[in-house]
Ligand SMILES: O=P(O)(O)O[C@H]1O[C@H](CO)[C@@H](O[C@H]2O[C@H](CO)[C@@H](O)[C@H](O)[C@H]2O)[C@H](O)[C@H]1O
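So this first bit is one chain, no partners, the form predicted on its own, shown in structure tokens.
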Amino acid sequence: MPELPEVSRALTALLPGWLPAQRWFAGKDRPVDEVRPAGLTVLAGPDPLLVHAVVEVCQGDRTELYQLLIGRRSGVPEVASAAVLGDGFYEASGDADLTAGLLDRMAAGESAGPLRFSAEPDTTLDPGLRSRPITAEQSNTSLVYGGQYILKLFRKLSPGMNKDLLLHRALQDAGCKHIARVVGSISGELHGEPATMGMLQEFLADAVDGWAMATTSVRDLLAEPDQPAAEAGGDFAGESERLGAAVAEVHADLATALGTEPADSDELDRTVRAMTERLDQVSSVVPELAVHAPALREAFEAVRAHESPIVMQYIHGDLHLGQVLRTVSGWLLLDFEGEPAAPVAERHALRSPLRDVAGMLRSFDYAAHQRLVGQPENADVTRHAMEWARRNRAAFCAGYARAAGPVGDPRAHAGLLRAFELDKAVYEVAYEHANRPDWLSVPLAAIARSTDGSE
């Protein structure tokens, strides 16, 4: 195509300066040295022009692949100013006219170069719907089509089927009732290997974000300072209990669909080594954590003596209140891709389901403190918030145990769960130190409470 050499030159020149400002770009820790187009496919054109682009982003000794939609049209495109690259080109995921073609191609089962647009088996898609981007998404970009579908475009790419699509399909086959149904996908090639570019799911317009519900509950509690958490308006504990049961059911469905394996002593050694290495690394750059290092190391080493059988399986991998939705029929889990910063092999590694439990317990702590960050110290308000956190953490574990049974009760593995929670908190210390210094007190306070015996 005559347009492609011009697009290639523009991306090489413009993307090194544009990428670091994007919320979904994962390489903000170092400068972009070079951007090399690795695959360009024309999806529409010449005016308006839409090019699907896979680019190699070089940063020192690290090279990663990213997906973009590049647009150009006569006149001014109706997209956010942040999407404008320059020289008439723009990132087109916010262009409703151009992105409508992605759904149409999936509905028709079309191909374009190495790209394959597909509906799921026994699924008929409604074409002709305009899209709108979800502005809150960070590591990827999602487009809602007419209130019926939501398309997640994976920004950072790797060969193989994306874990999010893999687990959603497995759960769907297992009859899981706690996910949104997958209805289509976009696939391509990376260095000659198949790769997932996008996943289309049913959009649930009535769904409410778990984080929003939880923090609203905290707000209502703090507005009634004389009321116990169990009696205050907006008590969330019932929902937390139901959420715990939903997570346990998802874990059971994943185990049925994809299998499990027992953890041996070597696995425990690897787990302790990984947690200790993270602790050493973060302590070296965050002095406030270093004072807790001996107690943390002791908690991690105790994992080696864990005697109860540990089942390893596929898990969510990045579970928190922002990854769950409440619908009229119950709780749904989403975004099974795993921790965005983790290597692909680590995301696909089998883990203890207690990792997900620990992530959600840490999320309750964050929800409790969300309204306290940056505010003057108030012991009564802090006590009230911690009462909310304890109540909802206990309710979540009770719900999980109700669905998982005595063997799966997270409270029966208190030492291991505590180690996983502390490891998650160490990760949070590193994240907050680098990105949100005002929030650093939240994980540090949790570590202090756990290691000094006050929690």
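All residue numbers are counted from 1 along the displayed sequence. Basically, rigid core = biggest C-alpha set you can superpose within 1.5 Å across the two forms. Note that the coordinates shown come from a computational prediction; the quantities given were computed from them, not determined experimentally.
Separately, the form predicted together with the ligand exists; it is not shown, and the next lines address it.
- Site status: open, since the ligand, placed here by C-alpha superposition from its pose in the model of the complex, has no atom within 2.4 Å of backbone or C-beta atoms.
- From the list 359 to 367, 218 to 226, 274 to 282, 85 to 93, the contact stretch for the ligand in the model of the complex under a 4.5 Å heavy atom rule is 359 to 367.
- Every member of the trio Gln323, Arg436 and Trp439 reaches the ligand in the model of the complex with some non-hydrogen atom inside 4.5 Å.
- Scanning Glu239, Asp335, Glu249, Glu120 against the ligand in the model of the complex with a 4.5 Å heavy atom cut-off leaves one residue, Asp335.
- When the ligand is considered in the model of the complex, Arg9 lies well away from it, no heavy atom lying within 4.5 Å.
- In the model of the complex, the ligand sits beyond 4.5 Å of every heavy atom of Tyr66.
- Contact annotation for Thr256: none of its heavy atoms lies within 4.5 Å of the ligand in the model of the complex.
- Among heavy atoms of Pro340, some come within 4.5 Å of the ligand in the model of the complex.
- Residue Arg23 is the only member of 6 to 27 with a non-hydrogen atom no more than 4.5 angstroms from the ligand in the model of the complex.
- Superposed on the core, the two forms barely differ at Arg9: its CA moves less than 2 Å between the shown form and the other one.
- Once the rigid core is overlaid between the shown form and the other one, Arg23 does not reach a Cα shift of 2 Å, moving by less than that.
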